[in-house]
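Encoded as structure tokens, the following chain is the form predicted on its own, with no partner shown.
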Amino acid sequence: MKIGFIGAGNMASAIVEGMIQNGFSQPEDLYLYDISTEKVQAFAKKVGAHVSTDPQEVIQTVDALILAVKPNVIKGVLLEAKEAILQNNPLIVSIAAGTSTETIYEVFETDQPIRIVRVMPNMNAMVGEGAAAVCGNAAATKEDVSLIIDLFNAVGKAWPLEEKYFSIFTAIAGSSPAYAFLFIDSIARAAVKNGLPKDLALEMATQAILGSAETLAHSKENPWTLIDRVSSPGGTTVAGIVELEDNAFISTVIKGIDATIRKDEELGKK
């Protein structure tokens, strides 16, 4: 299968490298276009993919087209590519945040069925540990959706998800890396406050959170059971947990997630 990318930024580059490294695609089956000509040419040379001179060339060649562009430009990109898409009918895959399959379809102003799959990935795809939600419109087949789930499994883990839940997924997976970075930085700053050098503190905190995530991912236990395992009666961990809860740690995190969901829903209505 030939797959094209319009947009070859960090996320698209991570996806392409994951597809090749995991054997999902061969480099010669990948076609890239980006307005930053020098950058896309350098990347294509590195991985062995093709470079296209314009979006229409990509669309006329590929079976699936991945739109790896920002939400504020996706409508313009679709309008420019409209005729070529209607004529060649590739599977359309969008990773633009807050842009529904219906919004994408409406750009074409047609009754012609267009297979559209929407994906919400996160930045951890750049290290092969991404999280992605995948859904298709009414024209997309189960095979189309399954294909794209397999693709994003090449750079992490992907789940089929009804589109009505995408705002929630955005909050708990798309935006949450920023919350995790904030938590790690807060731990490191606390160590600095108590005398540890910042670089060392940050390295230690990062490894502790990385290991904790791996432990949970490979455990059949729920988080609170693991918390209990770390917490000795009258010990240091319990003292810290109690202090965090006295300051509404859990409810504060939930409020942050709620705010993210509301904002994503607002953006989706514009």
Ligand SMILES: NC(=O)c1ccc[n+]([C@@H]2O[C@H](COP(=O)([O-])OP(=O)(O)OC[C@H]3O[C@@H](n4cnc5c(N)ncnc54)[C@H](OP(=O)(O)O)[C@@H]3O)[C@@H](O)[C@H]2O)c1
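Residue positions are given as counts along the sequence shown, with the first one as 1. From a predicted model like this one, the values you see are computed outputs, not experimental measurements.
Absent from the display: the form predicted together with the named molecule. The rest refers to it.
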Only one of these stretches, 88 to 96, 109 to 117, 146 to 154, 191 to 199, has heavy atoms within 4.5 Å of the named molecule in the model of the complex; which one is it? 88 to 96
Distance check, residue 19 to the named molecule in the model of the complex, heavy atom within 4.5 Å: no
Might residue 9 be said to contact the named molecule in the model of the complex, defining contact as any heavy atom within 4.5 Å? yes
Though only this chain appears here, would residue 172 touch the named molecule in the model of the complex if you measure heavy atom gaps against 4.5 Å? no
4.5 angstroms heavy atom contact with the named molecule in the model of the complex for residue 68: yes
Contacting member of 168, 161, 123, 184, with respect to the named molecule in the model of the complex [4.5 Å, heavy atom]: 123
Quick one: from 26, 207, 237, 36, grab the residue that has a heavy atom within 4.5 Å of the named molecule in the model of the complex. 36
